[in-house]
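Here you get one chain, nothing else, as structure tokens; it is the form predicted alone.
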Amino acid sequence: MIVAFIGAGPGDPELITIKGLNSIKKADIVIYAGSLVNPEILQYASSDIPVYNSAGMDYKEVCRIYAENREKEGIIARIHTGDPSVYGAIQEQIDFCRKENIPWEVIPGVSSFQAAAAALGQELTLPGVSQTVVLSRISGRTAVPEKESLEKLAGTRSSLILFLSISQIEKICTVLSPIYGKNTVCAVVYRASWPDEQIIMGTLEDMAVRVEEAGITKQALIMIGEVFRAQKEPFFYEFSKLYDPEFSHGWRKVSRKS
């Protein structure tokens, strides 16, 4: 069997790729991350195949399924939330497949940070403001390398997206306020693309209080950066050169009168 690592998207079952959807429909075995993946995704799978919820499984138990079915024909749909390349814990699974000569493929998905930006109606890379997006987290039960400390990542004042960190929102705001400025607009998006999605807008000065009042303690992204001024101040940024009538490129030439 081939193991297909599939990004199911952030929550909305329609935010899965056609390729991912087709792989689930054809699957002979499904293993899904039940703690995060919307169970509605399972409706696409055949009703008569084995389905495993990996939320209660460990690494060896998951890999055992790969190994025990390696000589069979078909697809093992290993369904992860969002895009599996971001905090998906797939590398150790891919390396196991490589070591055991088990065929595999990765089918990318829509990440929660992309769904959150869509919910906000927010471009993360605005000309003259920020052309860099940093995806990270702060240390918790999983440590972050010192070279990637929040202070160091914030030094460029890029668009900063923090996963798995909402429980430490007060610390984050305290650390970032002197670097970005306490009045920097930021957003917290809870369960982006789910029916109970919630958006909290604020600044680094008041966001911790707003999050506490909302009772949000998990499954939320923290989004900080000058680009988010657009939420309150339209057109403060430079316009893209792509559609500038005075800017020539490979698909459009500017005719200049002498």
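Keep in mind it's a predicted model, so treat the numbers as computed, not measured. Start at 1 and count along the sequence shown; that's the residue number.
The same protein also has a form predicted in complex with S-adenosyl-L-homocysteine (SAH), omitted here; what follows describes it.
A heavy atom within 4.5 Å of S-adenosyl-L-homocysteine (SAH) in the predicted bound form is found for exactly one of V129, V144, A118, V86: V86.
Checking R70, R191, R210, R229 against S-adenosyl-L-homocysteine (SAH) in the predicted bound form, a heavy atom within 4.5 Å turns up for just one residue: R191.
For F163, a non-hydrogen atom is located within 4.5 Å of S-adenosyl-L-homocysteine (SAH) in the predicted bound form, even though that partner is not displayed. Contact check for L221: a heavy atom falls within 4.5 Å of S-adenosyl-L-homocysteine (SAH) in the predicted bound form. Although the partner is absent here, T184 lies well away from S-adenosyl-L-homocysteine (SAH) in the predicted bound form, with no heavy atom inside 4.5 Å.
Among heavy atoms of T81, some come within 4.5 Å of S-adenosyl-L-homocysteine (SAH) in the predicted bound form. Here the chain stands alone, but in the predicted bound form its contact with S-adenosyl-L-homocysteine (SAH), taken as any heavy atom within 4.5 Å, falls in 86 to 94 among 86 to 94, 120 to 128, 145 to 153, 169 to 177. Interface residues of 111 to 148, taken as those with a heavy atom within 4.5 Å of S-adenosyl-L-homocysteine (SAH) in the predicted bound form (partner not displayed): S111, S112, in sequence order.
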